[in-house]
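Only one chain is included here, represented as structure tokens and corresponding to the form predicted alone.
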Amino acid sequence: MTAYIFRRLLQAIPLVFGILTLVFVILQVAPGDPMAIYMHPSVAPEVLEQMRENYGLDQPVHIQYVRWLKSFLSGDLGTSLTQNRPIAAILAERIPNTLLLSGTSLLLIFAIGIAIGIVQAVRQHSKLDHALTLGALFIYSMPSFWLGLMLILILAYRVHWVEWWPEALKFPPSGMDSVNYDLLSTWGKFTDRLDHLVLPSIALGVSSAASVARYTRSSMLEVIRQDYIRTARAKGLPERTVILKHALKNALLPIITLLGLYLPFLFSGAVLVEVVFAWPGMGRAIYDAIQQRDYPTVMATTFVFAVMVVIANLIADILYAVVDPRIRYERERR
């Protein structure tokens, strides 16, 4: 297994550099000037040329690429053109926020998806099963950014006009903290952060939860037809124990592998969701950097996203090998 992980990491290196190269080329051919934000009648052309020289933008394209590549290899992600700050410091602030949002969404995906899948499997072909199937397909078809806008419209604005609506179900429309966050107690900060986290995590994770529900339903239906489940029922065990202890334990084995597969989708979907909810994460950072033609920031955030996706895929492969010894045996033989 260790040799397999090492080989996968080596295979990921050219993939990451290929992504960096592609992003660099796209930024170079895209219209616009990175120095456009500094162009003003009060700014002398000599100053702009000096800034181009300082950032290396006056060099040929291939030299710029080699310089940025060397800086990445040395651990220097460069300086943001718009914020004039080290990009490493910017990412250090943004990465935890994205991981918090993605981690919360991941918990929602599996908690909601597995629960719905169990209910559908136990009540197969019932009206409840058909209703949940229809609802899951409907939710799965919703784009995360559109769902986020609808959640803001309904649960952050419209509900304030309804007098009987519970105050606990009125959520902030955007941001990560309230204005008075620093003045709150420890518990107050926790609840405030939780309130701001509810809508974006639902928008990011609920469509994937519908997919997990379908996987869980299919896996549970296959397991509950096995002989050992009939034996457990014949022993007189309560149906709740049969389903949750014997059937669910084995049905979750293929579901576990979805953990690593959904992480890349969460990272990519977080870009639009963070923009919609003004969530200060990496997705918002790369969106703003693209809008402002901030080359170094776009390259650095893309690099970090690529590394996260590679790690997530590696986690998926490892989990698949852990839950299925046959796969592990085949990989060890290679």
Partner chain sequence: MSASGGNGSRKRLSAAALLPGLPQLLRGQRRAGLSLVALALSMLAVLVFGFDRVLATFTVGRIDYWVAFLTLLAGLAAAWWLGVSWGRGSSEDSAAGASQWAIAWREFEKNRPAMLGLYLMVALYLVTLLAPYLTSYEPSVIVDDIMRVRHLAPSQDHLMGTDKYGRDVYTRILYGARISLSIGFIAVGISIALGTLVGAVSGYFGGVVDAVLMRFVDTLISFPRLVLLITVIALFQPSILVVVVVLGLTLWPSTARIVRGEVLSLREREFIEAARALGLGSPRIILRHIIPNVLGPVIVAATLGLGNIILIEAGLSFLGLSAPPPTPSWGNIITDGREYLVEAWWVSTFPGLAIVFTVVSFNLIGDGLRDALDPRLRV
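Source: prediction; values computed, not measured. Residue numbers count along the first chain shown, from 1. Throughout, rigid core stands for the largest set of C-alpha atoms superposing within 1.5 Å between the two forms.
The discussion below concerns the form predicted in complex with the partner chain, not included here.
Proximity to the partner chain in the model of the complex (heavy atom, within 4.5 Å), stretch among 112-120, 138-146, 68-76, 98-106
Checking each option against the 4.5 Å cut-off leaves 138-146.
Is there a heavy atom of Leu153 lying 4.5 Å or less from a heavy atom of the partner chain in the model of the complex?
Yes, Leu153 lies within 4.5 Å of the partner chain in the model of the complex.
So, Ser268 and the partner chain: in the model of the complex, are they within 4.5 Å at any heavy atom pair?
Contact check for Ser268: yes, within 4.5 Å of the partner chain in the model of the complex.
If you check in the model of the complex, is Leu15 within 4.5 Å of the partner chain, heavy atoms only?
Result yes; Leu15 sits at the interface with the partner chain in the model of the complex.
Contact flag, Ile63 vs the partner chain in the model of the complex, heavy atom cut 4.5 Å
No, Ile63 is distant from the partner.
Contact test, all of Leu132, Ala210 and Tyr215, partner the partner chain in the model of the complex, heavy atom 4.5 Å
No, the candidate spot makes no contact with the partner chain.
Taking only heavy atoms into account, state which residues of 270-293 are within 4.5 Å of the partner chain in the model of the complex, ordered by sequence.
Contacting residues: Val271, Leu272, Val275, Val276, Ile286, Tyr287, Ile290, Gln291, Arg293.
Quick check on Val275: with the core superposed, does its CA move 2 angstroms or more between the shown form and the other one?
Result for Val275: no, shift under 2 Å.
When the rigid core is used for the superposition, does Tyr215 move between the shown form and the other one (threshold: C-alpha shift of 2 Å or more)?
Comparing the forms between the shown form and the other one, which are aligned on their rigid core, Tyr215 does not shift its C-alpha by 2 Å or more.
Once you line up the core, how about Tyr287: does its CA shift reach 2 Å between the shown form and the other one?
No: Tyr287 shifts by under 2 Å between the shown form and the other one.
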